[in-house]
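Read the single chain below, which is given as structure tokens and is the form predicted on its own.
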């Protein structure tokens, strides 16, 4: 991409929603490229909350971002704040943008964060997005950073659990993150050698699950590992919720399906069955090499999008290339696991 000249303007960068390995690589990419183009880069703290009230912010320079690409989490911190759900929230955002002399916001986040960014764009605020989620369910990009790191963490856990499940001749149900998309369960379960995968896209039959356990038992295979997405549902049933409270984007907290399944499997088969919830372990720790590189490339491209006035768009991965894609295309319909990928994995479910 041809980059010419410098506009000497200040860019605001924020990270919203759940943290994901690779966030700091994006921040570093934006900062290094931004400074090389003559921009000042301002880190907005705690997601959209950094533009509410007095807000928290910090000027970023080469020293502050040196080697942060190796670190997990986000140096800017994050939150699930929705300024459209805060009294006078958008007025506060516009006031702080003017006060801080911010030319454009680069929002790094998933569907919720990008949804706010798109609304702000339609309200006349210059915004560029970078998609982020360990669930890999954002449309308009082949992969999101953070996904590869989470897959490696979850796959390693599932792989390790074979030893204890085998030693005790147990069934283990492993709960993996994934509200509406089962990409993480699919990849981690296949890599870790789970004997069955249950994902949100395909309602499961408890009889089929228990049938697999018993077939393996009769074949002399005393242990079974089942990987299940937190958002998976039975053919006749609903998602398992921790409670009914909703966050600022209307989401309830999922969790508990592994425990529920383990109880039911033990009751139906008589086999000792335990559950393991990987939880926040999946989004923790250092990013993989893939996510460090992908995050860096996305950050660099996002800054170049700002420089070329490509507002209302996101930096996305298509094949091996980083491109500019419509932010609107990234929203609305989630990218879910196609039936063909699920069928591909299911050929390994045997007794």
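Remember, it's a predicted structure, so these values are computed and weren't measured experimentally. Residue numbers count along the first chain shown, from 1.
What comes next is about the form predicted in complex with a small molecule, which does not appear here.
Item to check | Listed residue (80, 274, 121, 216) with a non-hydrogen atom within 4.5 angstroms of the small molecule in the predicted bound form | outcome: Contact with the small molecule in the predicted bound form is made by 80 alone.
Next on the checklist: Using a 4.5 Å heavy atom cut-off, which residue among 265, 226, 186, 134 comes into contact with the small molecule in the predicted bound form?
Outcome noted: By the 4.5 Å criterion, the partner-contacting residue is 134.
Checklist entry - Would you say all of 28, 146 and 291 touch the small molecule in the predicted bound form, counting a heavy atom within 4.5 Å as a touch? => result No, none of 28, 146 and 291 comes within 4.5 Å of the small molecule in the predicted bound form.
Checklist entry - Would residue 280 count as touching the small molecule in the predicted bound form under a 4.5 Å heavy atom rule? => result Result yes; residue 280 sits at the interface with the small molecule in the predicted bound form.
Item to check | Any non-hydrogen atom of residue 177 within 4.5 angstroms of the small molecule in the predicted bound form | outcome: Yes.
Next on the checklist: I need the one stretch from 50-58, 28-36, 321-329, 280-288 whose residues put non-hydrogen atoms within 4.5 angstroms of the small molecule in the predicted bound form.
Outcome noted: The contacting stretch here is 280-288.
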